[in-house]
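Just one chain is shown here, as structure tokens, and it is the form predicted on its own.
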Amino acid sequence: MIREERQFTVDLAVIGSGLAGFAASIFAINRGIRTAQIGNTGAVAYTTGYLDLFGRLAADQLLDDPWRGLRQLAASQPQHPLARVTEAEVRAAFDEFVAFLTEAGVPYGQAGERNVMALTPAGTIKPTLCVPSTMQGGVDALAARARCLIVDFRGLRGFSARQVVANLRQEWPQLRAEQLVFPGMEHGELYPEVMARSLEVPACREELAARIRDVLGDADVVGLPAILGMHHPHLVMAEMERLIGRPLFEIPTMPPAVPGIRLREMFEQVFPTRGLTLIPQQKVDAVRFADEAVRLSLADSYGPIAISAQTVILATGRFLSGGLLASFDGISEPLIGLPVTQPPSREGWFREQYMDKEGHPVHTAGIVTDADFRPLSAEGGPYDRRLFAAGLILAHQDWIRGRCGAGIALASAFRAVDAVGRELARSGGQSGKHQSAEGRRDV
């Protein structure tokens, strides 16, 4: 059965549903830019929920002051995406993004002047700039070396209280572990997402609180895997704290993890209420640059979809998300066919040692852009002035080693959306509705 094609006309099409794509949509919404966002599941569900700005400048140099680190980065790696935006833009991007998340029901702490030290699923410590409010207690407890109980659950994979305690005992001696049985899940393997949804039921919270009280001992604070509800987790945590009589905090589990799923579900619920056309769980099949508009083609279970956009932001990520494709012939960008900066041959992708402190050259492959994050063609000029890129698809960065994935995503999306607004004004689009970063509306 042939179904009629659905057509959408927008000012901006955001391709990608990772952190950069969602950030671009937030910034566009706040500026009155008519936006459609399309993307597969994306990598958001694989995040810890932490928002890293910049945590490591060199192999063994963890950063306490990320802002000073950015200034050093600009001098040592001027092609790095974070070296191509101003400090004011980075601060504005974090502030605007965090404000949106908090208003939408997933509160975060504000970006400060220093990185905070946060717990990882393995019980190690990493520097990050912002954490969800449900995880701030862990940052504070670690800093104070408080008497702390870490709880895990029989059958839960990807999180071990004993491992957390073992890895941190030397520097955090007043830390101990307990394993409990999760209410209603006495047998078999447990999944954090199912546990989080269960804790949105009052009876489940009451029973779990009673079991934690039984092993509380002298603990001043309790750490749990990130399972405190899927929606409005700060309210679930507040209720659990009242029932237990102690402060709580969450620790991320191995991915896919609840903090990332929370963000994805929140975006999918909130964006349509803000006027954004959201087409989730779908992949763009083709992009065609016509004179009057950029045409995007895709299809879902209801039939074909055509999107006519004045501008496009490509935020498709790297290999995991399909933004870059590796083959025996090299690394390519599969959707548009953009040139990819990469080592000259596959032999140069990796160094001899897997754990080499300098990392591997393949991790810096990606799309090269101009100052407004317009991808460049093979000739060196913008591929099309209506096309922009943001996030981890950008070249000259190793976000894993630099602890800077969120920083790259937010900062590049911020600059790209500001440039989109200028392009729409230049081309005679609905410019009266658009505002630059300096004139953005409050969330």
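The structure displayed is predicted, hence computed values, not measured ones. Position 1 is the first residue in the sequence shown; the rest follow in order.
Keep in mind that the form predicted together with a small molecule is not shown, yet the notes after this line are about it.
Exercise: residue 405 in contact with the small molecule in the model of the complex, heavy atom 4.5 Å: Because a heavy atom of residue 405 falls inside 4.5 Å of the small molecule in the model of the complex, the answer is yes.
Residue 311, heavy atom within 4.5 angstroms of the small molecule in the model of the complex: No, residue 311 sits far enough from the small molecule in the model of the complex that none of its heavy atoms falls within 4.5 Å.
Contact test in the model of the complex: residue 377 vs the small molecule, heavy atoms, 4.5 Å: Looking in the model of the complex, residue contacts with the small molecule do not include residue 377, since no heavy atom lies within 4.5 Å.
Is the gap between residue 266 and the small molecule in the model of the complex 4.5 Å or less for some heavy atom pair? No.
Here the chain is shown alone; which of 137, 123, 229, 317 has a heavy atom within 4.5 Å of the small molecule in the model of the complex? Selected option: 317.
Counting non-hydrogen atoms within 4.5 angstroms of the small molecule in the model of the complex, say which of 364, 321, 160, 198 makes the cut. Spelling it out, the residue with a heavy atom inside the cut-off is 321.
In the model of the complex, do 15, 38 and 335 all put a heavy atom within 4.5 Å of the small molecule? Yes, each of 15, 38 and 335 comes within 4.5 Å of the small molecule in the model of the complex.
Exactly one stretch in 230 to 238, 201 to 209, 303 to 311, 275 to 283 has heavy atoms within 4.5 Å of the small molecule in the model of the complex; which is it? Selected range: 275 to 283.
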